[in-house]
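As a starting point, one isolated chain is supplied in structure tokens, in the form predicted alone.
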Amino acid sequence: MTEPLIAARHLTFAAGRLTILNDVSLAIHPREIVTLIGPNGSGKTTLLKALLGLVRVKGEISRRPGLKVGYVPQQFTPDPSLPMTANRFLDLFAERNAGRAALARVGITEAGDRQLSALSGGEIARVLLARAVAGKPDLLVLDEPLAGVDVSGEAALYHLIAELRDELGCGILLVSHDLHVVMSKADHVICLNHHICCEGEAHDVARDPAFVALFGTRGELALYPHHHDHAHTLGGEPLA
């Protein structure tokens, strides 16, 4: 396998007495889709911020020299009192032609002259994706990109993300709760609960019941199989 675009080794982060990340290590390679899942409050967003250099943590993070990152945030709510079209929004982050081309690629050219505040959740998700890919990133980081997207649009949007991976040759780190939508495209799945409790390849889906024992019987998560090499307390802490 090629050298990773980004690699994290033994990341640890605490807020007061609360441990947010505990000895977390991972790597993302070109053309690889890594899906990060875990319960609310498990440290997923903190891990993304650490990888992006927005939070200082203990441990080591190495990035390929000159690495270009495209980022899609978890939440983005346009201010209705601030008039701004989708095209104007993209112009703030990319050259005019690049922004228009990216908007066309994600399939919403017609939204370019509309106000951001008038767009649907699915359209906003595609505008943010267009912003992220306009600069042709080496690594695409998506924090819950399906939030606010209706069920009918989820599979189409994730299929688009996979197509962009193939076209750009970039690596993708995707945070999602909806593994049943993304699992067919993910190359590697990491389950985070302050530490990496389990991880595995997507083709192993639905073969290991240990994930259900850890995360409960929520349907979208219960499909995930993994190699689980340790037990947990009721509070989620690993047992020696």
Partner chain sequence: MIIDDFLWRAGLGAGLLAAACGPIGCFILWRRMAYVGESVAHMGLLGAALGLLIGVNALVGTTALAIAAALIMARAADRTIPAGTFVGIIGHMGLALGFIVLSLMETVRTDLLGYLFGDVLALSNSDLIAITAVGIAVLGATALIWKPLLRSAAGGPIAAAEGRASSLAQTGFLILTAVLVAFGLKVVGALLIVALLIIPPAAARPLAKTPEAMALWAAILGAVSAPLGLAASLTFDAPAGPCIVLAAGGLFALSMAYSVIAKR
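Positions refer to the first chain, counted from 1. Not measured: the values here are computed from a predicted model.
Keep in mind the form predicted together with the partner chain is missing from the figure; the text below concerns it.
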Checklist entry - residue 70 near the partner chain in the predicted bound form, any heavy atom under 4.5 Å? => result yes
Next on the checklist: in the predicted bound form, is there a heavy atom of the partner chain that lies within 4.5 Å of any heavy atom of residue 54, even though the partner is absent here?
Outcome noted: yes
Checklist entry - Quick one: is residue 115 in contact with the partner chain in the predicted bound form, heavy atoms, 4.5 Å cut-off? => result yes
Checklist entry - Wondering, does residue 128 line up within 4.5 Å of the partner chain in the predicted bound form on heavy atoms? => result yes
Checklist entry - Taking the partner as it appears in the predicted bound form, which of 153-161, 103-111, 79-87, 166-174 has residues with heavy atoms within 4.5 Å of the partner chain? => result 79-87
Checklist entry - Does anything in 86-101 come within 4.5 Å of the partner chain in the predicted bound form by heavy atoms, and if so which residues, in order? => result 88, 89, 91, 92, 93
